[in-house]
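Okay, so here's just one chain, in structure tokens, the form predicted on its own.
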């Protein structure tokens, strides 16, 4: 995107599409088009805030006061309870420089293992599945433009028309080129309306549905046996599991007609080229990683991987959702997508950081375990770029844990619901006010240039970390984005996500700002737009089938809670809404939460359009107006999750997590539905 001066008002900036950029080619959704409203000082934090005594209100403070206070509280808590009593919770929207610095700050300054981030709620299941199958996690291992040139797409759990409209043009082009689109979603969304075939499974049954499609490939001799033999391993165990999932059994479990299961399998297997693309709908489950591996198994069995216009990919949601997990924000990783338990990785990164490998802590707790530990093992927490009071599952529980902390510091652009609970709030720069790098969903590393001067009183997150590090006895912590990225590049050298051939200067010089795809291991390396064409990232170069099964959800509907709740996004809002709920036109388009009900369900509970409806689970309840629609299953309720207050959908969701990835089970909870009288 580009920022341009409004011709009618030279003082105002407008966001516009960048026609030459090869991904969105000038297209923006309404969130991007209105994003300059967030640069208005009136909606911003411009001074640090301190809660000087327990129970008092937040008050304006100087930067020195805020940094001194935060450092003193962190030091006191670490001295009294040990370094592991301090934690960090980051965000997938942070630049590489910030994400990397948070990881380094945790391990070098705080010397705590406890750092994780909200990307655990977004991409962790797909990341874990990709690592198991391919040895590499990169959202799309091919450019997004390849989507338009494949013959069939199986899109699972994604409503791109609302969540990523500029990307939808490639799917439209794919169909105009004669391709076919199969969408898997419990709701008939605007994306599903464009599909040639729409499968509407019961939420939480994706692994069984994928196994059913694979069963058809096996039973009808549609498996690409030559590809399986030459480029994969482990198929026989997967074959045995899939044979248990004949289409009629799948229909009984998933609610998808057996004929549609067979039709989808035949279309997918019969195409020359094809892709499986997953998103949060299938990933945010208690078996999220297994469900994704079930879809990857289907792609591998059909031979749809390891060649042009074929493959598996995960649709990345947050602005730096890919890069945010590559360079040290995750509890178990070091920069370059290195495992923190790998002695060679520890030695390399410790050398870049100038510390001994033994000084680096081991793995910490994934996001939900970290948040659940607040007020107990974790006594102090720094939050940067996240609003878990709205975005985390079982949000009332999470809020109670944050309130139980001895000290909470928050870095944010606005006074979010999480910042309102803090003891110190640091006002930080946002996207247009800072230079930094990000990696998009296709592994393309981009330089985002500073366009405007931040308001007086606002500093970068890097400055916050540098100020705290100095006060905590580690002076010289890097705060220049270019210098931080140069160190990140050295730290990533030789890792899976190798950025060592990149720099701010090289990215700035890239044609039309196109960026370069990782891995990019040398200054003269052209980058790697397409992975796996010659071999996969596993030790033997073969993709791995992963034998997975389907188990009923931990929380199935019952007499007291007879329906399923699933959650998701809407076009005019984003994530926890902390920013988009402050944009006038977006609020006008989508002013609040709602409960989508099928007419049969609405009739069963006596709800009419617009009636206030209470959705209750074992954890809590949310109240919002009813929207009655035939586009959802009659046994399922949908709520968007962008709002706080009575309509907070995450008051109802489960904090149960996938044991492989730590992904919470946002997408299915047993609920009852009542009209609020």
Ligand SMILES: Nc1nc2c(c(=O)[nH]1)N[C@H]1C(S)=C(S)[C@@H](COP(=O)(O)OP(=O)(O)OC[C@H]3O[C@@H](n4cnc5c(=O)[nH]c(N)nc54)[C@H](O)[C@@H]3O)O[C@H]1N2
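Residue numbers count along the first chain shown, from 1. Values in this document were obtained by computation on a predicted structure and should not be read as measured data.
Although not depicted, the form predicted together with the ligand is the subject of the following passage.
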Selected contact from 567, 500, 130, 333, since only one has a non-hydrogen atom within 4.5 angstroms of the ligand in the predicted complex:
567
Check each of 440, 159, 437, 112 and return the one that places a heavy atom within 4.5 angstroms of the ligand in the predicted complex.
159
Hey, in the predicted complex, does residue 187 get a heavy atom within 4.5 angstroms of the ligand?
yes
Contact with the ligand in the predicted complex for residue 203, defined as at least one heavy atom pair within 4.5 Å: yes or no?
yes
Please check if residue 385 has a heavy atom lying within 4.5 Å of any heavy atom of the ligand in the predicted complex.
yes
Would you please decide whether residue 322 lies within 4.5 angstroms of the ligand in the predicted complex, comparing each non-hydrogen atom pair?
no
Testing 226-234, 466-474, 119-127, 240-248 against the ligand in the predicted complex with a 4.5 Å heavy atom criterion leaves exactly one stretch, namely 119-127
Residues within 4.5 Å of the ligand in the predicted complex, restricted to 575-600 and counted by heavy atom
575, 576, 577, 578, 579
